[in-house]
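Take a look at this one chain, the form predicted alone, written out in structure tokens.
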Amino acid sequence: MSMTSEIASEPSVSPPPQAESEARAKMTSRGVEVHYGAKRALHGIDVDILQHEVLALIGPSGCGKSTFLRCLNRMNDTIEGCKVTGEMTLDGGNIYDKALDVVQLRARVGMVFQKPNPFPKSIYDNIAYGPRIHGLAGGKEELDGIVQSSLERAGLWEEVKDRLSEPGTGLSGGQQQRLCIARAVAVSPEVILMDEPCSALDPIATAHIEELIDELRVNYTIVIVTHNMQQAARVSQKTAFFHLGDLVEHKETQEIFTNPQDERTQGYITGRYG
């Protein structure tokens, strides 16, 4: 019997907050450590990433936040000498299971990188590429629908609907980043990882991406690495502060910024270091 049904059958008993959190967790990390050769980059990270929430990872450069993000879809597998230990799950399943298909994992846990990286293909083919290789479309009409709906979700359809055959690389920086988000969305992921998605964009394009993140949260779980604390405060429900490979604090975003419990967090958000 699932935890949810057990709770439902005993309405007079409220679950402890930790149990409720685990029931809603889309992904979990328990004791996760990362070594690059002899260097330990992450020190036993424990965190729950809840469904339909935005989790912001903040901290000074080199603190481990991007390393942790890359653990969530096994992008660290591509780095020679990198070793990940501990347990990390998606819907309760171990994503580091040797039998797991990493290609399928990365379809479920999509990623948007720091710099927009559209394929050197048409706007249409940038979006259609993933659905084609994963066999998600039964024909041209279905593929057209996926392309349109993905561009609509990324807030880009009206701007590009009459130029789908033009190169994606011809779009502005902000449009290219939204194209990359549409490309990630096209394979129907459950989680979207964003590594400093606005750092190369101007303020207007950044505002578009931030609005988009809030809209996407309805359908997806989102984890974003950002160096911009104001951005973390605007877009996230939970924030995790990393420092020198440690997860120092992880709680409601408002609480992190108004009532941090650790002096390291206090020092970072007040600008004493970073």
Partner chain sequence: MTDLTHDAMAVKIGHHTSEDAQRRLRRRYAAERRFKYYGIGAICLGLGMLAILLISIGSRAIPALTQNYLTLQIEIPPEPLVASADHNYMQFVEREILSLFPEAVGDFQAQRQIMSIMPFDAAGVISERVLEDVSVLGGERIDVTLQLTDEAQAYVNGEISRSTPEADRRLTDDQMSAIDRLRDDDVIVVQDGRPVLDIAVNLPFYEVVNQSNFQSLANDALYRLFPEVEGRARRDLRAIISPGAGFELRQMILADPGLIGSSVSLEVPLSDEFDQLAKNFVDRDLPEDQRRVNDAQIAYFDGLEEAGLVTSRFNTQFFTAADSRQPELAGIWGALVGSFYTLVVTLLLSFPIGVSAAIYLEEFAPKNRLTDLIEVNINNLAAVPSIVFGLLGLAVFIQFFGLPRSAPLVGGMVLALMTLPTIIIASRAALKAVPPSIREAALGMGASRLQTVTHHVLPLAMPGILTGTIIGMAQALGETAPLLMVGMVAFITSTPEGLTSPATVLPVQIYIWSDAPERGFVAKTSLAIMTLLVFLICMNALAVWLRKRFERRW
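Since we're looking at a predicted model, the values are computed, not measured. Residue numbers count along the first chain shown, from 1.
Here the subject shifts to the form predicted in complex with its partner chain, a form of this protein not shown in this document.
- Remark: all three candidate residues (Met75, Ala107 and Ile133) come within 4.5 Å of its partner chain in the predicted bound form, counting heavy atoms only.
- Though the partner is left out of this view, Asp162 does not reach within 4.5 Å of its partner chain in the predicted bound form, counting heavy atoms only.
- Residue contact check for Arg70: one or more of its heavy atoms lie within 4.5 Å of its partner chain in the predicted bound form.
- A residue is said to contact a partner when one of its heavy atoms sits within 4.5 Å of a partner heavy atom; Tyr129 meets this definition for its partner chain in the predicted bound form.
- Under a 4.5 angstroms non-hydrogen atom cutoff, its partner chain in the predicted bound form lacks Arg178 among its neighbouring residues.
- Screening Glu166, Asp91, Glu87, Asp144 for any heavy atom within 4.5 Å of its partner chain in the predicted bound form leaves a single hit, Glu166.
- Stretch 117-125 is the contacting one of 117-125, 199-207, 91-99, 146-154, since its residues have non-hydrogen atoms within 4.5 Å of its partner chain in the predicted bound form.
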